[in-house]
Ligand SMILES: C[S@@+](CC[C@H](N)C(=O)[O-])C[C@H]1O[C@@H](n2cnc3c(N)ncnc32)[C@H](O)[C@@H]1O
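So this first bit is one chain, no partners, the form predicted on its own, shown in structure tokens.
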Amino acid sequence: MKTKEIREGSVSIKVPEVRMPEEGEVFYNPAMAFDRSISVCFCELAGLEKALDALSATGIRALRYKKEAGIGVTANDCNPKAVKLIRDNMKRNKIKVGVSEKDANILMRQEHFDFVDLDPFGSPIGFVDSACASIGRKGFLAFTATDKAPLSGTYPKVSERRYGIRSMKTDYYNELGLRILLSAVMRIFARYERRFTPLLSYSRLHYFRIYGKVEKGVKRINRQLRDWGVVSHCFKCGWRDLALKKKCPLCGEATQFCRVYLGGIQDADFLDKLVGRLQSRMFVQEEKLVNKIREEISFPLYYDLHYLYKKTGRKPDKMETTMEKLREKGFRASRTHFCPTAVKTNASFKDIIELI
């Protein structure tokens, strides 16, 4: 395998020399360095002892966790070529991490960790049951999903098969897709009487990324179940509501709907601490994203204003002007990282259309 040397964070490693990441015998995606930097700061804040990089590939994530966050970590991959590369990269950096060559599900059933990181090519859902068993009563889980198309409504039947929820191609598809993913993970943890609570959730490029804490307790789960609800959507006029409505009250068209988690997807206190840690490490772009997320209002499902202006045949107004008009009417409003032309607000669809 032909390799080249790269540097990411404070680690220098060998990676496959290929045109595209998916062409390599061992996967390495430089675009995900952004996410790995956030992950390092997450590990510092969580105060971890024993972490698992379940699908480690080159070992870059595990090596950065060890060197930059100072935590004990195991790098696992079932690909023997990946394991050899992990060992070589470990020696290059004079860093000692645990190395395992097992199916990730088998390893997680055999050993306990207080933090599991799942970064697969595609969906993480096939690893969540085992992660739940590995984490036990208390700990943390982070996971990435690169199958945005099914989650965001392009392939709704795939979403239904994979996650148990039929997705919808709405104008707020990025947030709805993330909530479908989060809902599926929460359901799995609930089956084992564990609650998964998101601390940081975001959509970026081709993937969704969610960090959260795991706690045991039926009462905690029952409280979380109160935050589930139905999203109803009319594909004729664009109307939506956070309640079950089988017919659109504006145009009379039959609606489509799905039941998902509608509670908070960020933890404000944790984001405050994370921003401070990102600043201290001078992770500038990562800090910008987390700051943007921190400034979003927590009300679920954004409105894509360009979509709505086009739907009503009106010339688009400036984002800030529209948000100011909403605030003048007593509503809350903010931008959102999910979409550059969207606003988050507690105003109803009817309120926004009347304003437009």
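It should be emphasised that the depicted structure is a prediction, and the values quoted were computed from it without experimental measurement. Note that residue numbering begins at 1 and tracks the sequence as displayed. If you superpose the two forms and keep the largest set of C-alpha atoms that fall within 1.5 Å, you have the rigid core.
What comes next is about the form predicted in complex with the ligand, which is not displayed.
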Original post:
Which residue, T154, Q224, N93, N79, has a heavy atom that falls within 4.5 Å of the ligand in the predicted bound form?
Top reply: N79
Original post:
Which of F331, Y302, F42, F27 has a heavy atom within 4.5 Å of the ligand in the predicted bound form?
Top reply: F27
**OP:** Although the ligand is absent from this view, report whether R64 comes within 4.5 Å of it in the predicted bound form, heavy atoms only.
**Re:** no
Subject >> 4.5 Å heavy atom contact, L48 to the ligand in the predicted bound form >> reply: no
**OP:** Although the ligand is absent from this view, report whether K273 comes within 4.5 Å of it in the predicted bound form, heavy atoms only.
**Re:** no
Original post:
A104 near the ligand in the predicted bound form, any heavy atom under 4.5 Å?
Top reply: yes
**OP:** Work out which of the listed stretches, 120 to 128, 213 to 221, 249 to 257, 188 to 196, brings a heavy atom within 4.5 angstroms of the ligand in the predicted bound form.
**Re:** 120 to 128
Subject >> Core-aligned C-alpha movement of G24 between the shown form and the other one reaching 2 Å >> reply: yes
Subject >> Cα separation of E22 and R61 in the predicted bound form versus here, shift of 3 Å or more >> reply: farther
Original post:
Your call: E101 and E23 CA atoms, closer or farther in the predicted bound form versus the shown structure, by 3 Å or more?
Top reply: closer
